[in-house]
Structure formats: C-alpha cells, structure tokens
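In the block that follows, a single chain appears as structure tokens, in the form predicted on its own.
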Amino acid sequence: MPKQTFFNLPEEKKEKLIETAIDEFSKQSFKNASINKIAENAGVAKGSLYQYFEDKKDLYKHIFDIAGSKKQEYLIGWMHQLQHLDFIEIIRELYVKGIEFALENPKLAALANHFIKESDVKFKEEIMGVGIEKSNLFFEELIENAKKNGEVSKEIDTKVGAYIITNLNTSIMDYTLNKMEYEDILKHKEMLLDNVDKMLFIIRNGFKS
C-alpha cells in the first residue's frame, strides 16, 4: 500500500500519478510496464515514486485496489434498482452490470485483461487478496439480506456461502476464458452469461435429482 508521503501529496498530483499508472498498466503487462514512463508522464522523478511506493508491485496493487473499488461502487450504485429481483437474479444482473462497467471504463478493462493473462499464479493470488476480501463482504451482506427476506435458508453459513460465490465467480470466468479471449467476452457477452446461468442453476437447484 502507498506510503504516507503519497497521501501527503496535493490531490491533483495524486490523481495525475494514479491516472498515469492506470494508463501504463492498461497498455502493458505488469512485467513490461515501465516505471520510468509512469514517472515521466506523471511529471515526477523516478526516485520520488519510491518515496510513495515500495516498488512497482506496490504501485500495481494500489491501482488494482482502486479499479476494484470503482467497480464495486458502480455495482452498489445499481443495487437499489435490483431490489425487485430475487437473490439469484441479482447475482446474474451483477454480471451484466460488470460487463457494462468494463465497456464504460476501457482502461480498467484493459488492466483486468492483462492481469487475467498473467501466468504467475502466486502473483495473481497476492494481487487479488484484497479484492477477494471485499467480494466476500459484499456477498455476505447480500446473503444476509436474502435470509431476512426468506429467500435463503437461515441454516446456510453466510461466510461460507459468500466464499463459495466469490470463488465460483472466478471459476466461471476462467472456464469462459478457456473458450474465448477477454476482449471477445465484452463484445459477445452471451457466452459468459450462458455459463453464468448454468452456474446459477446449480446454486439454485443443487445436484439432487
């Protein structure tokens, strides 16, 4: 996470640095992204970046966290319009809104695209850590609300349920990406949503005959 020196910067300078980093990481993989370019385009000395962040990975984590927070805020902003839907329908609609978010934020979508293609599993797990925690908390709240409405059994463990949904989300995206590129998912969302529907059918009905 950023050092205190970063938070002490004027708001305009912080925003410029973040925008520049998002731009670079949206164009390049983490490995190929250039700290020199980020510093140059942000109008700061390269050495200054290491006063704000430990290293390139620390900066990347912060950018990834910002991207995740923006997406979550976007989805939460839609929640009040989804109250007429049941628990499973809300989860499906969140996928639809997630695709819309990607289309409305092409640089963040490109950042996600590069990240998905990273081959280092440990690196991906480390970067996704904070995002997974936020996702779990989001679905915990959703499950608790569904319990109050009588849509979800009170016998369901909320934390386990949220953990399962979060990991199913990751799995269904990986499953879809085995069949098509991320860019194609945004152009042809029907395939992703078809897989989502199959996943949600299992969640709703289980494996019982």
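Since the structure is predicted, the reported quantities are computational estimates derived from the model, not experimental observations. One rule holds for the numbers: they count along the sequence shown, beginning at 1.
There is also a form predicted together with the DNA; it is not shown, and the following applies to it.
- Residues with any non-hydrogen atom within 4.5 angstroms of the DNA in the model of the complex fall in just one of 62-70, 166-174, 142-150, 37-45: 37-45.
- The DNA in the model of the complex is not approached by residue 157, whose heavy atoms all lie more than 4.5 angstroms from it.
- Within 4.5 Å of any heavy atom of the DNA in the model of the complex lies no heavy atom of residue 205.
- Remark: residue 9 counts among the residues lining the DNA in the model of the complex, judged by a heavy atom distance of 4.5 Å or less.
- Among residues of the shown chain, residue 33 is one whose heavy atoms approach the DNA to within 4.5 Å in the model of the complex.
- Shown without its partner, the chain has 45, 46, 47, 48, 50, 51, 52, 55, 56 in segment 45-80 as residues with a non-hydrogen atom within 4.5 angstroms of the DNA in the model of the complex.
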